[in-house]
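We begin with a single chain expressed as structure tokens, specifically the form predicted alone.
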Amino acid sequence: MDAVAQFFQTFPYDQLLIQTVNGIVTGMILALVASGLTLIFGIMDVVNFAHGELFMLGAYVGVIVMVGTGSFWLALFIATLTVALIGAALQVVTLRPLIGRDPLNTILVTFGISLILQNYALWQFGPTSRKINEPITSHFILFYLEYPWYRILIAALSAVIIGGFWLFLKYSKFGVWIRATTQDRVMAQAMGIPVPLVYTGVFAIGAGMAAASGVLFAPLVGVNHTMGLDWVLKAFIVVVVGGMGNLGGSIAAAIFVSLLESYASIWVNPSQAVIVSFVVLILTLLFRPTGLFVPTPK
């Protein structure tokens, strides 16, 4: 009993709270990235390996706009819109001709797009990281740390974007088309829904969400041509753990995985804490391959 009491007396509750806040903030950004990836897979059955590079491209567009205007919010808006248009063009040119073919073709094409975008960014901007200044530089006291308000802001903005997207899916005409295509694309096309246009719109929305994530997270880590690699890997883990094509499950899985990594970093190096994500992925594939957050059929 003395050992148990000593454990609770020495338990780092302050670090636990700080890491909880960090996990939720990172989880909301990851949820925003994974939502676009989940949407693209759920509608189009396309595993988009270029999603991380769209995240990176959004951050670079944000850098360019920030240099020209000095406005973070304008950079966020223009980057989201620009990369959404680029995503629509990529879908029309490279993925639309592959509809109905072997899924391996789309995997190879998106992987090729990923390499092209990454090497273009390296050629155009060089290997040196760029910086986007956060719009809010103030802090508040969280135990012994000065915690930046900007981290809270990006979690709130991510939640607003995801919430707005959910309302768009539920109440807009295009959202109804998307949901109908998700349930039965053949029947949707027979009912007069322009499925090719839905595919293009979905890919554009997913690309725009990735770009918004890139701009929001850029002030915390800097912008470089490889910044999308870690995020797309985590996003794929989240999509599998949350359930392929399950938007709500992906959001829950993003926060769950991020919290686990944050808690693990209390006791181990943050670079080692990433292992937790892969452990969760393996256990999910072994025991719940449909996803941890997919309701069990009755």
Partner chain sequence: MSDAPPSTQPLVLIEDVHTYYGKSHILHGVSLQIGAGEVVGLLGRNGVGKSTTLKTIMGLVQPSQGRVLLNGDPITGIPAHKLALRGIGYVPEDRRIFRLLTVMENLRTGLDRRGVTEGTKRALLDKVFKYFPVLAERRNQAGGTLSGGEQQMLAIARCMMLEPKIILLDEPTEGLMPRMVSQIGAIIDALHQENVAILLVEQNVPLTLSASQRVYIMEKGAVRHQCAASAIDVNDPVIKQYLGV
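Owing to the predicted nature of the structure, the values given are computational and were not obtained by experimental measurement. Residue numbers count along the first chain shown, from 1.
The form predicted together with the partner chain exists for this protein as well; it is not shown, and the discussion that follows is about that form.
Engineer: When you measure heavy atoms, are F140, Y150 and L153 every one within 4.5 angstroms of the partner chain in the predicted complex?
Structural biologist: Heavy-atom distance to the partner chain in the predicted complex: none of the three under 4.5 Å.
Engineer: Quick one: is V186 in contact with the partner chain in the predicted complex, heavy atoms, 4.5 Å cut-off?
Structural biologist: Yes, V186 is a contact residue.
Engineer: At 4.5 Å between heavy atoms, is G163 in contact with the partner chain in the predicted complex?
Structural biologist: Heavy-atom contact with the partner chain at 4.5 Å: absent for G163.
Engineer: At the 4.5 Å heavy atom threshold, is I86 in contact with the partner chain in the predicted complex?
Structural biologist: Contact check for I86: no, nothing within 4.5 Å of the partner chain in the predicted complex.
Engineer: Looking at the partner-bound form in the predicted complex, is T94 within 4.5 Å of the partner chain by any heavy atom?
Structural biologist: So T94 does not count as contacting the partner chain.
Engineer: Have a look at 109 to 117, 174 to 182, 203 to 211, 216 to 224 and name the one stretch with heavy atoms inside 4.5 Å of the partner chain in the predicted complex.
Structural biologist: Answer to the contact question: 174 to 182.
Engineer: Within 4.5 Å of the partner chain in the predicted complex, heavy atoms considered, which of P135, P194, G126, P103?
Structural biologist: Flagged contact: P194.
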